[in-house]
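Below you will find one chain, with nothing else, as structure tokens; this is the form predicted on its own, and questions on how it binds or moves follow later.
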Amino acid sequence: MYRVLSYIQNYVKIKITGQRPQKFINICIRRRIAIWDLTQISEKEFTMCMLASEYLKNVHSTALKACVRVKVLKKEGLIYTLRRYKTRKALMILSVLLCGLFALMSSLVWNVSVEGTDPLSVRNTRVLASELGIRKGMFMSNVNSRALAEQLLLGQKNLCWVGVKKKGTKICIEIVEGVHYEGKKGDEISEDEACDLAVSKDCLLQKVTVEQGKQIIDTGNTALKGQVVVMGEGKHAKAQIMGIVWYKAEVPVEKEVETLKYTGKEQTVKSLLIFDFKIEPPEWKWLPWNWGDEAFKSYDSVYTEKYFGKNVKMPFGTSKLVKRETVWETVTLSEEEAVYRAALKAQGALDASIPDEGQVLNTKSSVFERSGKQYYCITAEVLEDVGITVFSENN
């Protein structure tokens, strides 16, 4: 560390010659002049190093007092090094530019990481941070950690804590999901008001568990949408009403369908990535890499990015976009293939209509003809909670 400081402050290596060179050393020690690398060549010769400022200030008077001769053997330090290279202007300019570039790169954001347990919250936090202007390539000094944490927390109600830390050229965002309890939805009635319980859908009553009120439609009977099943009799009715609801989906059986087919032609476009900026190659036709390329009217694409560095991800890399040409083609299906395709579509439509909490008891499917066209039909019996609160008619 001392050698580094002495190099910055500049130092000289000198040789002293005389009858009593030890007297020169003792005078330097009494005057608290820092010396190092003291070497004895002979009884009358010594070499040593000292700061250039001390040499200019004290060595002449000290040499006269000790009756010795002083000769400078070597000059070292930052100033002397710069003087050696002052005639090499190109090297000096390049050094200054490299130092400036290093200082600039050190002041930029190279990476933004989000840590959390819920992947959806992590993704939403990353998107919200990007909308707030937090991205690669921005100046680290423009990031206010406390303000950013508050904005991310206010923008997401499912989070209970957000922390933002600056680590070198990296911004680390840590999120903690909270437990939130949702209040009652819709127009549910408070427990202080009198109400009845009705069904939200046409159903077959399967099981009614009454906690408070009177059941007026027996289990096993059909109840229409909005029909009261449990009366509160001036009180707030409480019960669980489980009913069987029927869901149905119909899809036409089509024997001629259009499918997407690959032609086998591909185009690859490579680009240079610098932070979040992408430098794409020009698309001029006269360039060699664009010879023979024609724009695809319809294509699928696969996009990949690769950044330099293994342990530390550098903000420089390359991207690759592979385009595969596609065309629409009409295909005639067999009877079995057409029915199977229609069955998949009908099953998907049926699954989308059934609530997540519903329990499927039974499903039936059939193929029928209507107006000269075939249809695939699938029905399902689903057991679900169909009870809703309604105002009592006596109020």
Partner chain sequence: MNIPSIRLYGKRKAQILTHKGICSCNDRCVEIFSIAGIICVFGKQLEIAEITDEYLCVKGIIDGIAYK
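Definition used throughout: the rigid core is the maximal C-alpha set that superposes within 1.5 Å between two forms. In this text the structure is predicted, and so the values were computed from the model without any measurement. Positions refer to the first chain, counted from 1.
Although not depicted, the form predicted together with the partner chain is the subject of the following passage.
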Note to self: Heavy atoms within 4.5 Å of the partner chain in the predicted complex: which stretch in 62-70, 337-345, 322-330, 22-30 meets that?
What the structure shows: 22-30
Notebook entry, point to check: Between the options Leu38, Ala352, Leu361, Leu56, which residue brings a heavy atom to within 4.5 Å of the partner chain in the predicted complex?
Noted result: Leu38
Item checked: Partner proximity in the predicted complex: Ala34 to the partner chain, non-hydrogen atom cutoff 4.5 Å -> yes
Margin query: My question is whether Lys57 is one of the residues whose C-alpha shifts by 2 Å or more between this form and the one not shown, given a fit on the rigid core.
Written below: no
Note to self: My question is whether Gln22 is one of the residues whose C-alpha shifts by 2 Å or more between this form and the one not shown, given a fit on the rigid core.
What the structure shows: yes
